[in-house]
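Before any questions on how it binds or moves, here is one chain, the form predicted on its own, in structure tokens.
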Amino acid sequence: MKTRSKTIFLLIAAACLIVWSIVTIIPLYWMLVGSVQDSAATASFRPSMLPEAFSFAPYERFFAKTAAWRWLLNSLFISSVLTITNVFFASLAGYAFAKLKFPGSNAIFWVLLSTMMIPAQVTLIPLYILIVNVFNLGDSYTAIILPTAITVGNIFLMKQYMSSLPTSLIHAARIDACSEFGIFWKVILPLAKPGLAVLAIFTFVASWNEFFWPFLITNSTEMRTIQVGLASFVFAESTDFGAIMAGASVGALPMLILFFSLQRYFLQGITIGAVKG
């Protein structure tokens, strides 16, 4: 009886997951279909789920009417820089909080964590005034990158992961007269590669998909990221649904490739830091 109940439960759970997956995939599928057919067919009151006339014209119009290549390069550059800075500085801070004992370490760590409770919208206006009026960095790469060059969430992630690494290796390295940075570079980082990979992927995805801050801080077309540029194109070309779908597909494609090629690291990100040594 127990086996039968378990089987029924698993079948119901599988059915629910399949239905939910279909519901989740439909918008993505419709975006791809809309990007390879005429705008009139995409905007039809009763749209077809299969392309009526397959065409790459929407992609041609999107790249012809916008600075899409510049937007893609901006997104790639900003996401890459943010990934590098977050991986380096967050791993340094995570190592310090996890393995080094210094006065006030716990208090500093909890103060940092408490800042995560503050909604980002609360700090947007002071941050904007600081970046634009005080430092005069508006409409620049520095203005987009600086506020999230390192985030508290990433520090917490690396602290939790590095807490699970064996402390005995650090003591052995100190006995061999290795400096603290040498221990971090030669001992900790090689052991922390899985955690660093998860951190890098999550940071890159978040940076690529970021919209509001780049939208707020940039004025010129040349400084827009692909997400901000696509939004401006939607406002300007609200009737060209095929080109809009093509632009959305172009913006989503790198993330889809990244997810399907590195999905095991995404799964590791769910449990990272959950097991302590």
Partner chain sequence: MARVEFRNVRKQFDDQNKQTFTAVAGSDFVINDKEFVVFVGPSGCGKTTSLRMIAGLEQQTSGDIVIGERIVNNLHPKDRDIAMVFQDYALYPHMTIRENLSFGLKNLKKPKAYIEQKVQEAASILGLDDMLERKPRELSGGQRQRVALGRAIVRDPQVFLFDEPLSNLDAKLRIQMRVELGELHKRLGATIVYVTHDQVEAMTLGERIVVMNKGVIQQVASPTELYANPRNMFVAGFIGSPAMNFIDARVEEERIRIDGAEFVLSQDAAEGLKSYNGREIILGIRPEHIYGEDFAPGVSTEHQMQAHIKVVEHLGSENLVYFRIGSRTVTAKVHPETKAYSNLSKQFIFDLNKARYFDPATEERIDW
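Note that the coordinates shown come from a computational prediction; the quantities given were computed from them, not determined experimentally. Residue numbers count along the first chain shown, from 1.
Omitted from view is the form predicted in complex with its partner chain, to which the following refers.
Enquirer: Please pick, from L191, L92, I84, I145, the one residue with any non-hydrogen atom lying within 4.5 angstroms of its partner chain in the predicted bound form.
Expert: Residue within 4.5 Å of the partner: L191.
Enquirer: Among the candidate residues L100, I175, I129, A107, which is the single one with a non-hydrogen atom no more than 4.5 Å from its partner chain in the predicted bound form?
Expert: When its partner chain is considered in the predicted bound form, the option within 4.5 Å is I175.
Enquirer: Is S168 close enough to touch its partner chain in the predicted bound form, meaning at least one heavy atom pair within 4.5 Å?
Expert: Flag for S168 set to yes.
Enquirer: Can you tell me if E180 lies within 4.5 angstroms of its partner chain in the predicted bound form, counting non-hydrogen atoms only?
Expert: Answer yes; at least one heavy atom of E180 falls within 4.5 Å of its partner chain in the predicted bound form.
Enquirer: L196 near its partner chain in the predicted bound form, any heavy atom under 4.5 Å?
Expert: Although its partner chain is absent here, L196 would stay clear of it in the predicted bound form, with no heavy atoms inside 4.5 Å.
Enquirer: With a 4.5 Å heavy atom cut-off, would you call V187 a contact of its partner chain in the predicted bound form?
Expert: V187 belongs to the contact set for its partner chain.
Enquirer: So which of 113-121, 92-100, 76-84, 160-168 is the stretch with heavy atoms within 4.5 Å of its partner chain in the predicted bound form?
Expert: Looking at the other structure, the answer is 160-168.
Enquirer: Using a 4.5 Å cut-off on any heavy atom, which residues of 246-264 would contact its partner chain in the predicted bound form?
Expert: Not one residue comes within 4.5 Å of the partner.
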